[in-house]
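One chain comes next, on its own, written as structure tokens: the form predicted alone.
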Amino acid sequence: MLKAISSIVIKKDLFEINGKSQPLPENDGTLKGLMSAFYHSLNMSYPKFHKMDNLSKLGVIGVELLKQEHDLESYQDDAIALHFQNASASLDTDWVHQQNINEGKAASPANFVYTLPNIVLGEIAIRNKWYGENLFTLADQFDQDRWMKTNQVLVAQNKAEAVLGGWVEVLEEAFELELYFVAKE
């Protein structure tokens, strides 16, 4: 049986930690500006962050916020599974990549690397040195019951002691993050 430990929700005008509303950091109203504001408010020092696509930045910021709420260092590096969903996959970056091709520009490796949505899992795993199971699926909308059932299977099969993930969606300036940390009771 899994128990919800912590949650982070970030939307255009909403920021919640464990269901309690929080003020958004001062920003210019763009997704890029909001990610930059969170980065600075968290006092992060991670130069690779600035090269990431917005989907990865949103996932990494969510995990950094969650780590402030719950000590994840007590888990072994392969005990936390990552399980995320979204509706648009990596379409936000795919459009930029295709636009470069259409304009006859050379394909940018900086964009190409983010043309798979599961790269957000890799960015989170690399930053935290986590080597557990990971799964990224597509759905029209976040189905928390289905997400939890999959997590139950991961834990029942001893693939993980805890699962971190949820919904991470970015398409142009529309974005949404519902991040949960659930663990064995």
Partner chain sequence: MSYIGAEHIISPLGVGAHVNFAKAQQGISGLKKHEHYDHAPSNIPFGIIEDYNLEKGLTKLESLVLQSCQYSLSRMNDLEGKWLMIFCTTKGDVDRLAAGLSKEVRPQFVAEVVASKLDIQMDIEVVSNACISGLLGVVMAHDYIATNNYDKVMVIGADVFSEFTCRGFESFMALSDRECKPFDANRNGLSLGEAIATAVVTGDKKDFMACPKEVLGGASANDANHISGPSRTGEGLYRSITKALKQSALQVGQIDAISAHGTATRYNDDMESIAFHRMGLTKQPVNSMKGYFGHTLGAAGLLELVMCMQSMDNNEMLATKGCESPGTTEKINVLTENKAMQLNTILKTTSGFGGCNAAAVIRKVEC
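Bear in mind that the values here come from a model prediction, so they are computed numbers and not experimental data. Numbering follows the first chain given and starts at 1.
Same protein, other form: the form predicted together with its partner chain, not shown, and the subject of what follows.
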Query raised in the report: Hey, in the predicted complex, is residue 72 touching its partner chain, heavy atoms inside 4.5 Å?
Result: no
Query - residue 157, heavy atom within 4.5 angstroms of its partner chain in the predicted complex - result: yes
Query raised in the report: Any chance residue 123 has a heavy atom within 4.5 Å of its partner chain in the predicted complex?
Result: yes
Query raised in the report: Do residue 54 and its partner chain come within 4.5 Å of each other in the predicted complex, heavy atoms counted?
Result: no
Report summary line: Checked 97-132 against its partner chain in the predicted complex; residues with a heavy atom within 4.5 Å, sequence order, are 97, 98, 101, 102, 105, 107, 108, 109, 112, 113, 114, 115, 116, 117, 118, 119, 121, 122, 123, 125, 126, 129, 130, 131, 132
